[in-house]
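Each of two forms of one protein chain follows alone as structure tokens, named structure 1 and structure 2.
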Structure 1
């Protein structure tokens, strides 16, 4: 790696990413839904069949809100091109994901993505970089959603020029979703078993990192076998909330945050615990077989279901 003196915070936070486009079809939306477990237990599930089939034709299928996370997928390759950012790409970890929904996603579309650096923090042994992506419907210019992803660049910390660790963010404290996992019993618990082929199915939505498919790559990374994509686990968690709290109405979701805590192996059982706090659902996902928390976060709703 290059010397730390080449790590230039001001150059990084002022970087302008090139605009990009993302096109998808009804088939892509349906494939994504299957990739995060929709209809895996019951092909006749009336709360989930609408994501893969519609009697009026595929052009009428509904799109899960976490599908929006795919719009930020290509940004990881762009991060390596940021001038003044010195890190080893092999040591990059996806730490958090935030999704804000402004409009329901159409069944198909062509989107224009505009990305900016939203935050940069010196954590000593690592740097945390936040990227914001605004996604517009290309033809109409309507803003559909926003992604904010935080990546941990291991080995890239320690670049602060003063005793106070460098920290920049474009967001005020009330624009971040702070939460604590309650000690009380969850309002709802949803158990879902991933398939041994889950990562192979999910990767068809565009994340072809061999860590999720190649046993040798996984072994080099320190895992006994390929691991599940973190965003796939997030999709499972939000599906659980839609089924348990929203009673199948995915359009109730305003925003989603997820903090990735630990890896999941395909074939493991995910237990999503949910607590309702006003219009927020605090959640935690555990792997049943290892009794370990792998994901936590909060989902904000526009209302609560009258049937709760």
Structure 2
């Protein structure tokens, strides 16, 4: 039997990912929009139809900002290859996602991704690994967006050599978006139902992890059935903000952060509560059936809608 490799933080944080490309078409953008519930309540919704159909042709469809998170998905298979990172991939959960938009996303594109390890933390019962991905338009070299994703590796913590838990971060503390959920009544509340087939539809956007489709794999991971992709829940939440606060104008969004607090089962109802603090929208998503918070974070806008 092969010897279990040692968890080696220095090896992990100095890891160099190969550059990768990501290509998408208008069809991918539209399929993604359907996967996060666009037009699911109303196929005539003029604030959402533009993500899946345009009378001038598919090349004119608009792209939701959370589509940018898909650019980081190819990294999933790379995580398992990082030397020194000893973990059980079946216990990996998506912990956090941060997306910074520099340009509106075109309806199709070919991108060059440059990824680095941005953080590694020993949480005792888990290790948290952060990866930052810069996505450039391949032909022009223009930087479109940045993703920083944190994966929560259950069972992989406890690797610190000193009494102080190991913690490495590449970015300064003022880049972490600290926020508190206000105690006041939310400015807006948006309720949306996910379908029982939601994860089966969403996975076609490129995240084929069987945790979201295979009951046996879900059970090994500790769930009674397959769970929804964290980025699908994030997509629902940001869509709720675009509808309720941005009046359907997705280009107002500058950056998005979210922490996944609890799993969501496909078919559950999501209630997104939103509070406006200057140009920031603090939000929290609850699952109605269990009355539990499943996601919270902040979305920063470039301006407020004049009709608010």
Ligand SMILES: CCC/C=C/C(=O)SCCNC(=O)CCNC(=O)[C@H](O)C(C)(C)COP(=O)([O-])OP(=O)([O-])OC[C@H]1O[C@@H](n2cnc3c(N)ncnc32)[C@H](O)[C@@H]1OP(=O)([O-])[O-]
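Not measured: the values here are computed from a predicted model. Residue numbers count along the first chain shown, from 1. We call the rigid core the largest set of C-alpha positions that still match within 1.5 Å between the two forms.
Between the two isolated copies of the chain, the second is the form predicted together with this ligand. A movement of the C-alpha atom of residue 225 reaching 2 angstroms or beyond is seen between structure 1 and structure 2 when the two forms are aligned on their rigid core.
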